[in-house]
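Next up: a single chain in structure tokens, the form predicted alone.
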């Protein structure tokens, strides 16, 4: 049985068709914008301004100490001979944040128990390589760490230590 269309139903259908078409175009536009934002490379200008982190004066770090810098996501290790190493805080096994244990004098990963010494060398598995490092420089007695580039290390070398 066929129902008779009222003169009012044609404009209503036209309005609903226009509404659904408009909503469909909005969804397509938003999806395209999200994809474009995801694929667009990040500008280097945003990173450049905050890449150099001032840790403090050289006298603030006693030989044999490790100081955490949560804002920079690194530890500054002052070796017994006075050299400096900036070690990234992520475990090289699966990326967990490794805290420094002052009582054990080592970094201990809470996720899988990898351990590292104050130079970032692996003391206990499952990590297979040392902690990544950041470049350190001392200018007029001020220690500065470059956060813009992490160096992936395969092994520890004495040449990686910055001498004040």
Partner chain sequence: MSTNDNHDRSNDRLGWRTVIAAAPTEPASERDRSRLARFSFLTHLRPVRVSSGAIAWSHTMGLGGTSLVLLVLLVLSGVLQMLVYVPVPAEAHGSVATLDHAVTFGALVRGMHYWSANLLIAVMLLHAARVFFTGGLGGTRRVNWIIGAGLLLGVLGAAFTGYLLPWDQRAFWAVTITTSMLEYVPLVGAAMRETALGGSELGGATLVLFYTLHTSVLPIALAAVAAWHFWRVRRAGGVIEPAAGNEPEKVAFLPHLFVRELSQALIMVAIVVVLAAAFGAPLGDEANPGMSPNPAKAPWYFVGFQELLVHLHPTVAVLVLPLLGLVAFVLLPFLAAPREGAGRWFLSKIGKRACVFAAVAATVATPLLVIVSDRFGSGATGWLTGGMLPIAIVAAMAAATDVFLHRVVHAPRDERRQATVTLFAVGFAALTIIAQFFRGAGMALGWPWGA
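Numbering follows the first chain given and starts at 1. If you superpose the two forms and keep the largest set of C-alpha atoms that fall within 1.5 Å, you have the rigid core. What you are looking at is a predicted structure, and each value in this text was computed from that prediction instead of being measured.
This protein has a second form, the form predicted in complex with the partner chain, left out of what is shown; the following refers to that one.
Novice: Considering non-hydrogen atoms and a 4.5 Å limit, which listed residue (10, 17, 152, 149) is close to the partner chain in the model of the complex?
Specialist: In short, 152.
Novice: Could you check which residue among 62, 125, 37, 29 gets a heavy atom within 4.5 Å of the partner chain in the model of the complex?
Specialist: It is 125 that has a heavy atom within 4.5 Å of the partner.
Novice: Would you check whether the partner chain, in the model of the complex, lies within 4.5 angstroms of a non-hydrogen atom from each of 42, 90 and 129?
Specialist: Yes, all three are in contact.
Novice: Spell out, yes or no, whether the shortest heavy atom distance between residue 97 and the partner chain in the model of the complex is within 4.5 Å.
Specialist: Result yes; residue 97 sits at the interface with the partner chain in the model of the complex.
Novice: Answer for residue 113 alone: is it within 4.5 Å of the partner chain in the model of the complex, judged on heavy atom distances?
Specialist: Residue 113: yes, in contact with the partner chain in the model of the complex.
Novice: Enumerate the residues of 66-86 that have a non-hydrogen atom within 4.5 Å of the partner chain in the model of the complex, in sequence order, or give none.
Specialist: The one in contact is 73.
Novice: Determine, after fitting the two forms on their core, whether residue 62 shows a C-alpha shift of 2 Å or more between the shown form and the other one.
Specialist: Moves: no, less than 2 Å.
Novice: Could you check, with the core superposed, whether the Cα atom of residue 125 shifts 2 Å or more between the shown form and the other one?
Specialist: No, shifts by less than 2 Å.
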